[in-house]
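Only one chain comes next, encoded as structure tokens, the form predicted alone.
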Amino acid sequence: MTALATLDHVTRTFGSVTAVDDVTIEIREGEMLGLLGPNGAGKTTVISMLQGRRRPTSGTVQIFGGNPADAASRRRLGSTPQETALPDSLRVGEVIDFVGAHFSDRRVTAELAEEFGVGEFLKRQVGSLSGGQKRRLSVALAFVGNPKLVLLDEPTTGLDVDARHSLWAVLRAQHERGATVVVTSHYLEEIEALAERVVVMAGGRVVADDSLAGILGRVGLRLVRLETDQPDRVAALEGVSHRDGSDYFVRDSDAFLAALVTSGITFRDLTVRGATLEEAFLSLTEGAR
């Protein structure tokens, strides 16, 4: 498949802080790509460089074969940032028309608004909308110019559960219309609902780049925390993915606990919970950091 955008060994620093560290990603035509990771992983910085709003400190960023900083390279790009600032005094239809006027091949205002659930608000001022309604409008604007590539940074911020699910359905429909879509999120559920391929970031680096099924297999872990005088024996039990101090990451906590009890290993202060995305991936990649 054709690469629409690439980051090639890209690093971005802000003073003494390295937000993105030697990242290489290829975004291919027709993909629904999820960029997943905890807050502060570097996802938004990657998006901002693809949008041309920030330049890499080192490495190369290209979009449609050109420099994202050049307006000509961004003509087929649609995007929605994490934070949305829309003019309160304009009506919803006026905002869509204003943005759409910048594109030669634009969507019909009423049709686009209806798809994204803001059709009934076309004559209302933006300032009268709820936070969730403003968010849906902001995401709709990313698609007004019939873009080939769309970058959505945390698109469901501020939406309730029902609204999130409705927006996911709309995004899947836009992808089926031909848009290549990149979605950033720190919610595994959101990426699972949307993405076919997933790039996971942690600490400014890419720690995994795989199909959705491959990623789910790696993060579907339970965390068992216990105190024992025989940690190596516990770590050697069947089903243990890896150990981090007193934390044992397992795929089947019931099977692990059964093995632990029958092993004769003495333990205390045992707790079991789901591993967070950050815990699972930072622990999985500890040896590579």
Partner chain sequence: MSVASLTLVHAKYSLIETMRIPIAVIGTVVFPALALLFFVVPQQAVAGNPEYATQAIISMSVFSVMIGSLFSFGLGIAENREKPWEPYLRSLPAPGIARVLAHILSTGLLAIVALIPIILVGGLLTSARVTPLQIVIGLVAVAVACLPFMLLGMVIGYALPMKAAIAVIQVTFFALAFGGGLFLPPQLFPSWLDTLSQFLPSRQARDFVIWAVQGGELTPLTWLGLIGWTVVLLALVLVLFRRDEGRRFR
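Numbering follows the first chain given and starts at 1. Keep in mind the model is a prediction, meaning the values are calculated, not measured.
In what follows, reference is made to the form predicted in complex with the partner chain, a form of this protein that is not presented.
Of these, 205 to 213, 69 to 77, 111 to 119, 158 to 166, which stretch puts a heavy atom within 4.5 angstroms of the partner chain in the predicted complex?
In the other structure, the partner sits against 69 to 77.
With a cut-off of 4.5 Å between heavy atoms, is V181 one of the residues that contacts the partner chain in the predicted complex?
Judged by the heavy-atom cut-off of 4.5 Å, V181 is well away from the partner chain in the predicted complex.
Is L141 part of the interface with the partner chain in the predicted complex - any heavy atom within 4.5 Å?
Flag for L141 set to yes.
Does at least one non-hydrogen atom of L188 fall within 4.5 angstroms of the partner chain in the predicted complex?
Residue-level check for L188: no, no contact with the partner chain.
Would you classify R55 as touching the partner chain in the predicted complex, given a 4.5 Å non-hydrogen atom cut-off?
Judged by the heavy-atom cut-off of 4.5 Å, R55 is in contact with the partner chain in the predicted complex.
Residues A19, R172 and H175 all lining the partner chain in the predicted complex, heavy atom within 4.5 Å
Looking in the predicted complex, the three residues A19, R172 and H175 all stay beyond 4.5 Å of the partner chain (heavy atoms).
The unique member of K134, K148, R107, R91 whose heavy atoms fall within 4.5 Å of the partner chain in the predicted complex:
It is R91 that has a heavy atom within 4.5 Å of the partner.
Under the 4.5 Å heavy atom criterion, name the residues of 152 to 169 that approach the partner chain in the predicted complex, in sequence order.
If the 4.5 Å heavy-atom criterion is applied to the partner chain in the predicted complex, 152 to 169 yields nothing.
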